[in-house]
Structures are given as C-alpha cells and as structure tokens.
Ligand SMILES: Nc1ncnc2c1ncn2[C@@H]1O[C@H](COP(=O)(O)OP(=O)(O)OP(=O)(O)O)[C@@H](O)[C@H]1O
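Presented below, as structure tokens, is a lone chain in the form predicted alone.
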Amino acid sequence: MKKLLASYGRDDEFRAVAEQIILEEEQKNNRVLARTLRKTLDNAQPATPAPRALAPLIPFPDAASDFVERIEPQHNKNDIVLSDENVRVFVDLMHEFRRGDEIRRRGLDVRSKLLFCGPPGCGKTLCAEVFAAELGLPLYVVKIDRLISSYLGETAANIRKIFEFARKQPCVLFLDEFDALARSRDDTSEHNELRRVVNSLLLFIDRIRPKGFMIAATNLDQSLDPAIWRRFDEVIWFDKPDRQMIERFLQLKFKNVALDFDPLAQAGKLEGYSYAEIERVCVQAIKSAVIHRRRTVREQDLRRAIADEVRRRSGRARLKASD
C-alpha cells in the first residue's frame, strides 16, 4: 500500500503496483475482490493514452498491441466438457498457481508453459478461455498472422515483444496455430528465415517465466520441431469425445431447450465427431424448431441436422480424395 501511494501521479508505476496487489489477492483465492479491483483498474482513465486493444495495466514493449488482443471470457467451467484426466490436470495447475509463492520459496518451479494438442473443434481455445476465467487472469490472444512478418529477421523481433509482455503481465497468453511458428527445422520446404525463427522461439520459451500462463495450441502436432516438446511444462491432449462425453455435451447444449424426445438416444450417431461439429448439429436442430414456429425441438429436427453434418463430412472427404 505504501508503494501504491508513493507512485500516485506516475501512471505506469501506479498500475504496476496495483496489478501486483490484485495478483496477490488472486493467489489468496479472494477472486471476487480481485475481479472488482481489476475492473476498477481497467475502467480508470490513464494519464497517458493506453495502447489500442490492451488493458492499461503495466508497461509493455512498444507495438505489442499490434500482435496481442485482450479477450473477455464469455464461458465458464459449466460450458465445457473435458475428460476426467484433463480435469485433474487443470485442477492441479490451478492449485499450483495459487500456491506459487510457497513453491518458489522451496526452490521449485511452477508449471506455467502449456502445450494443447488435438484435432480442430475439440475444445482447445474454449479451454484456454475457461482456464483464464477460473484463475481470474486476463486472457490475451496472439495474432499469429500479424506476428509473422515478410521482412527478414522481423518475426523473431515480434516474438520477443510478445514474450516480454507475458513476462511482465500476469495473464493467460494464448498462441493458437502454434505450428505456424514452431514448424520442424527438418522440413525441407521451409526456408532459412523460418528455421531462424524456430531457433529464437526455443530460446525465448526456455528463458520465460510467465507471471501467469503461456498456452500454445496446435492441430498439427506432428509438424512441430522435436525440440519444442521439452520446453513445455505440460502437454495436454484434446481428443474427440467418447460416447459418455457426447452425452454430457448433448445435455449441456439442450439444457435450456424444450424437447419432446431424449437426445441421448442419438448420441451413438455422433461418435467420431468433434465438439464443434456436434454443437453445429444441436444449433441446427434448435433453429429448425424456431423456423417452423414450434415450442419444442423434435427428434426429427436432430436427425435431419445429423444427416446434414454427414453430408457436409462426405463432401470434405471427396475434396481430400481429389487432393
């Protein structure tokens, strides 16, 4: 509190101290107080204009706002279905984060660098959002397309800015499509510049000790450079849901919808589909009832939506075969 009062009038320093107080409250599990303080801090008018798309919390490298965007979580733990194994891992990570100071005092590292792997549509991005919300940390998403530059040497410099930001700002920093940066250096189709980017990336990941979490996600884990894997504290796999998880997901999607049938009877037809595909089926079934001005969703609506998804899949299969 003395530091906070002493820094009054120096906006950057004042916000850095305030953020430290908020982080301490989060680590004490005083989440309601921490969220109230963070909201108050975010809504405060800074003495100098804040960078676009970033909350004015603490100083960060120039032009970081070109590559990072703050996302307000719209979901919570009740909106996601995870395997029991992944639930256990995430609960352990949250406990470890909240006891971070005690762990560090014993000379031990806190796990903070996570790699999410799995096919598209299986919950990697949603999980990062829910994880940030549960921890009470701001979620920042890296704009990979802007990060990768056509100018020689500039991509590595851009990555440095992102990692410097994560080092200073307590947050969940999410890098989707991570394979675009970390592609194997043995890939003969890649040019020397991208190999140098991977070399820099390995060095940055090694050195960073985030105040929150750095999460990288990929659908193409087989394309990652072999040296990437050991740089992460945890590798978490997101697979397509099994029958039990599909049933839980259907219950979740239809929980506030009037039905005249049991959707779980159709769960077997959705095995092998991703969460994104199953969600599209559920939404289409609900829209069918709205279009026909019915108050309830019928089994026929769900059957037709499943048939549409089968048709959609067969079209993609034909495209792959022609390639």
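Just count from 1 along the sequence shown to find any residue number. As the structure is a computational prediction, the values presented were derived from the model and not from experiment.
What comes next is about the form predicted together with the named molecule, which is not displayed.
Using a 4.5 Å cut-off to the named molecule in the predicted bound form, not one of 93, 97 and 233 places a heavy atom inside that distance.
Shown alone here, residue 276 lies within 4.5 Å of the named molecule in the predicted bound form, counting heavy atoms only. The closest heavy atom approach of residue 203 to the named molecule in the predicted bound form falls outside 4.5 Å. Residue contact check for residue 80: one or more of its heavy atoms lie within 4.5 Å of the named molecule in the predicted bound form.
Contact annotation: residue 123 falls within 4.5 Å of the named molecule in the predicted bound form, judged by heavy atom distances.
Residue-level contacts in the predicted bound form: of 219, 112, 169, 158, one residue has a heavy atom within 4.5 Å of the named molecule, and it is 219.
Annotated contact segment (heavy atom within 4.5 Å of the named molecule in the predicted bound form): 72-80, selected among 72-80, 138-146, 160-168, 225-233.
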